[in-house]
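So this first bit is one chain, no partners, the form predicted on its own, shown in structure tokens.
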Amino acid sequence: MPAEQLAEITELFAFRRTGYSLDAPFYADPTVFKIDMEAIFGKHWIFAASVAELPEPGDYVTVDYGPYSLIVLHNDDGGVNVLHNVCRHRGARVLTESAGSTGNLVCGYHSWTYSPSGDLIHASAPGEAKFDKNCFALKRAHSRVVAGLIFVCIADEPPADFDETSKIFEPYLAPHDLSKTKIAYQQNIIEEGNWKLVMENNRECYHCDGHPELACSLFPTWGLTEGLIPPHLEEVWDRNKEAQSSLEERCRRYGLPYEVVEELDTRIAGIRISRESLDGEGESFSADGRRLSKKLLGDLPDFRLGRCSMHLQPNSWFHFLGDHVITFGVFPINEHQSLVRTTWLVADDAEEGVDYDLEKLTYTWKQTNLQDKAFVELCQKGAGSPAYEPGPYMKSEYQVEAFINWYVQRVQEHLA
């Protein structure tokens, strides 16, 4: 990057106004996007998939973001290999499907063949007398599997504090036992918006009046505190407090952690996690709060456990319920497009049509995702207007500010 351009970008980050949304170039400038790919997605732990998405050895998913494509493969030892999806011959994509099962990995261009660990085991007619296969293995990336969630990092040296963050969230998630779940449905949506706008939208409920289906079970007072409750939500707030008190009593009885841990911008692997009550019957994301699958997950003793909600910087959030789990991953495509992948997981012995109705299971978040897509795209369009200027975050949007503060810190460290 030319020195003059780098200086302009560095200044843009240095003069970001605290408590306000970002300047327009953060959402629309291809140079800023390139820096995001280097400083954030090129250095940090990224949520990629769950173990339910590759249950057997040889199963894989491909994960694409920005210029990167990774193969996440269940290996014969029960672990996960992460390989760059770039053939070492002439750079072709090795695996072209989004998911599947394979033995060896064969590039479709010239049939270079790699083992599941990425070692080159066959290159027909290399035409090089001293050709050394050991020098042409697929490039590997780092992986961590924690409580059934798979994280990847392509940095040479990943941030070390992820292990500390893992110790925070694993006790919350482990009782749901993702190793005994399966995919009920997966949805991929391309949103015409910068990845940061997608994440900002997720980090607040100030807009939750725009989610009527979700508001049947998720209290729309999420993110509010005493003194911030508008008159039309006072009755809901009182109901929420009562439900939360009842939930916490059950969690103590069952030995389940529920306390809020919030370190979104005070550690490199930023996190927020808690177990929070749901409205109605308090079991699931349905119109009356009742369970959507008849099968309890893992070792859970009760359906009425609200939702364990987790946010992880930079690209994911999760809802762990008694009857199912929903994972959300955001994968940037370019400066104005993002892929949002939502996956619904149910107990591996749950039968569709018997234990759950797929349409009912997915209805609330399918609708919510489409509504969020529209909100994000409105903001992307606005950021492209000459009339746009950063506006102030409300008190209930403090988690948006924390996300942006985390992001700015990480990029400044990269540019330093």
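Please read all numbers here as calculations on a predicted model, not as lab measurements. We number the residues from 1 along the sequence you see. Between two forms, the rigid core is the largest collection of C-alphas that superpose within 1.5 Å.
Below, we turn to the form predicted together with another copy of the chain, even though it does not appear here.
Q: Going by a heavy atom distance of 4.5 Å, is Asn201 a contact of another copy of the chain in the predicted bound form?
A: Asn201 belongs to the contact set for another copy of the chain.
Q: May I ask you to check whether Tyr109 falls inside a 4.5 Å heavy atom distance of another copy of the chain in the predicted bound form?
A: Yes, Tyr109 is a contact residue.
Q: Taking heavy atoms and a 4.5 Å cut-off, does Ala52 contact another copy of the chain in the predicted bound form?
A: Because no heavy atom of Ala52 falls inside 4.5 Å of another copy of the chain in the predicted bound form, the answer is no.
Q: Does the 4.5 Å heavy atom contact test between Ser124 and another copy of the chain in the predicted bound form come out positive?
A: Yes, Ser124 sits close enough to another copy of the chain in the predicted bound form that at least one of its heavy atoms falls within 4.5 Å.
Q: Answer with one of His336, Arg291, His84, Arg250: the residue that has a non-hydrogen atom within 4.5 Å of another copy of the chain in the predicted bound form.
A: Residue within 4.5 Å of the partner: His84.
Q: Can you work out which of Phe331, Phe219, Tyr206, Phe328 has a heavy atom no more than 4.5 Å from another copy of the chain in the predicted bound form?
A: Answer to the contact question: Tyr206.
Q: Where does another copy of the chain sit in the predicted bound form: which of 162 to 170, 337 to 345, 186 to 194, 84 to 92, heavy atoms within 4.5 Å?
A: Result for this chain: 84 to 92.
Q: Would you check whether another copy of the chain, in the predicted bound form, lies within 4.5 angstroms of a non-hydrogen atom from each of Ala7, Phe15 and Gly353?
A: Checked in the predicted bound form: no contact with another copy of the chain for any of the three.
Q: Do any residues of 217 to 234 have a non-hydrogen atom within 4.5 angstroms of another copy of the chain in the predicted bound form? If so, which ones, in sequence order?
A: Heavy-atom contacts to another copy of the chain in the predicted bound form: Gly223, Leu224, Leu228.
Q: Would Trp237 count as moving between the shown form and the other one, using a Cα shift of 2 angstroms or more after superposing the core as the test?
A: After core superposition, the displacement of the Trp237 C-alpha between the shown form and the other one reaches the 2 Å mark, so yes.
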